[in-house]
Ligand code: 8HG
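There is one chain below, alone, in structure tokens, taken in the form predicted on its own.
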């Protein structure tokens, strides 16, 4: 993809960018280390960096960064090499998705760190987004590394497996993780002891990758598909939460359909675009309360 990119005083400006709306990207449930500011911008932490993102008219401003980091980190993080115009054109052949895309037209699927997303979505199980964010922030502040003070607030990296593996369950519970603390400690031990390397799972076929991820306690079908979609570039993954289940039953299938049947139907119907379809459908269902 070709963009008109300007570097200016620790800012990257992308002129006339399409298919990029920060609210759609950050508030669609795929990431948790962001804060919305009064000016409508978003401050986020990823890959040991802190940036601020603002869409002003048709231009995107990424503050507190430079061209080197943009090319090495943010270009891939924001999936800027993917043609979302073409994806939406293909998915719009389905009348439900054609309507859904209008509600989440600015969504992009982020390419996030595999270990961080593994633990983040373990925390997400039966949890609300404000509580997930709080737990991740506490874990990072307590056990991560200091990055910098940006606009009056200290920011920290997400802790690595080596930072967590020897903690007690009670240590991790103090970070608002609840019953998931035992899963986090187990996952850290597995990764630290090199029993499973989450950074290698993306090289597997989707079905095999799902099975390997589900070897981690606290990772079921939905969480494994979230991890694959949001950090492993598995765009055929199709996470099914309550909103996606409702909209699939409402528009495509019978009520009370088994999750495995919904997933099989979606992957056969949307194929390698299933993950994109899921994001548009999720946003659509949640915004309109479809299936409540």
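Computed from a predicted model, the values in this text were never measured in an experiment. Numbering follows the first chain given and starts at 1.
Same protein, other form: the form predicted in complex with 2'-deoxy-8-oxoguanosine, not shown, and the subject of what follows.
So which of 266, 232, 45, 244 gets a non-hydrogen atom within 4.5 Å of 2'-deoxy-8-oxoguanosine in the model of the complex?
None of the others qualify; the residue that does is 244.
Heavy atom within 4.5 Å of 2'-deoxy-8-oxoguanosine in the model of the complex - the one residue of 206, 176, 111, 124 that qualifies
Contact residue from the list: 124.
Let me test this: is every residue among 129, 226 and 279 within 4.5 Å of 2'-deoxy-8-oxoguanosine in the model of the complex, going by heavy atom positions?
Checked in the model of the complex: all three residues contact 2'-deoxy-8-oxoguanosine.
One stretch from 177-185, 116-124, 68-76, 162-170 that, in the model of the complex, holds residues within 4.5 Å of 2'-deoxy-8-oxoguanosine by heavy atom:
Contact-bearing stretch, as computed: 116-124.
Interface membership of residue 262, 2'-deoxy-8-oxoguanosine in the model of the complex, 4.5 Å heavy atom rule
Contact check for residue 262: no, nothing within 4.5 Å of 2'-deoxy-8-oxoguanosine in the model of the complex.
Even though 2'-deoxy-8-oxoguanosine is not shown here, does residue 52 get within 4.5 Å of it in the model of the complex, heavy atoms only?
Taking the distances in the model of the complex, the answer for residue 52 is no, it never comes within 4.5 Å of 2'-deoxy-8-oxoguanosine.
I'd like to know whether residue 28 contacts 2'-deoxy-8-oxoguanosine in the model of the complex, with contact meaning heavy atoms within 4.5 angstroms.
Heavy-atom contact with 2'-deoxy-8-oxoguanosine at 4.5 Å: present for residue 28.
Can any non-hydrogen atom of residue 210 be found within 4.5 angstroms of 2'-deoxy-8-oxoguanosine in the model of the complex?
So residue 210 does not count as contacting 2'-deoxy-8-oxoguanosine.
Using a 4.5 Å heavy atom cutoff, which residues in 31-50 contact 2'-deoxy-8-oxoguanosine in the model of the complex? It's fine if the answer is none.
Just 32.
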